[in-house]
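Let's start with one chain on its own, the form predicted alone, as structure tokens.
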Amino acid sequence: MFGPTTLRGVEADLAHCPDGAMALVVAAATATGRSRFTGLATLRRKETDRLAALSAELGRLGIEVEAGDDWIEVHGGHPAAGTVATYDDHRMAMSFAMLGLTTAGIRIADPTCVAKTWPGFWQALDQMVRPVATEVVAIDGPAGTGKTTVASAVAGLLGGTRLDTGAFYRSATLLAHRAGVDPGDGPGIRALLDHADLGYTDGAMRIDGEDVSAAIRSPEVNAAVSAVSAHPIVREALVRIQRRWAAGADRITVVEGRDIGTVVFPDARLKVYLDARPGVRAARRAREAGTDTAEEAGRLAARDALDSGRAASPLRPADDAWHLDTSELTVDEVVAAIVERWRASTSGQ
């Protein structure tokens, strides 16, 4: 989220720019004082009755609004989190997307409606809010290579913060499991995400305030997370959330997952691809879970095939990633190597 605004209420005749007026009306929701915009009769006769739609959705977010035949008055304040209906109107989605830059928890119910005039709108918005990637350490690799443990330790030594992107995909999978939505139903899972508040604080994953850090590691989630992660519509939504999370960090961010260096932060200063021999990875997982090594080997092989073969953001090293095989290394040795690499990359600054 960007910082607080210093907007103040205004009065203006916007008859000459009725479409652009929508963004100003939404921005007025965060201003100090009252704003009144006139000359907007044509907004009543667009894709939807836009004055009515603006009034309804701002009201849903706790903002006092009044409207007439050709005017709308907004009493600025502090919008609440909520899901905004778009009425199949691209300008509603775009206007309220701007509110999401300053207000946490704003969701657009039908984000695909922007395709009418600007199919790449969400990608362009992502570029605006992407954090300074020179302060990102991107760690990718398959399961069982120690990414989570290593990322936490690296963040600690560098005085930074860690983001586990896999926890977001597991949360989407948990949402689907709880709601009875098939893991293969991408649009259905995306709809669940539009109405859920995903947060990550101090290593704890939360859904609508509930700590689900343990629940997202259940066998049910493990079995379905690759299928859920394969949906482009799900990945697009979660990548946007992850970038905004990192954008709010004021320290070095260590991010781990399976497409961090290739998709989420392709311009990260340091990209690391951790790997290990399949048998080593399976043994590590078995020790963690108290299961049989052979069983874990089968699960990891299936997971690797799904992650590497999916069409959307497949697991692969970034072209400029540093490969580090952890098979014969202790956690401390892996962490020390990454920290040394990071410090070497910044020594010329």
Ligand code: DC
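All residue numbers refer to positions in the sequence shown, first residue = 1. No experiment lies behind these values; they were computed from the predicted model shown.
Missing here is the form predicted together with this ligand; even so, the following discussion is about that form.
Residue contact with this ligand in the predicted complex: G166 places a heavy atom within 4.5 Å of it.
Residue contact with this ligand in the predicted complex: D275 places no heavy atom within 4.5 Å of it. Taking non-hydrogen atoms only, V225 approaches this ligand to within 4.5 angstroms in the predicted complex.
Contact annotation: E296 falls outside 4.5 Å of this ligand in the predicted complex, judged by heavy atom distances. Only one of 198-206, 166-174, 151-159, 83-91 places residue heavy atoms within 4.5 angstroms of this ligand in the predicted complex, namely 166-174. A single residue from the set R217, R178, R269, K116 has any heavy atom within 4.5 angstroms of this ligand in the predicted complex; that residue is R217. Put simply, of T145, T253, S95, S229 only one has a heavy atom within 4.5 Å of this ligand in the predicted complex, and it is S229. Counting a residue when any of its non-hydrogen atoms is within 4.5 Å of this ligand in the predicted complex, the hits in 289-323 run R303, D307, R310.
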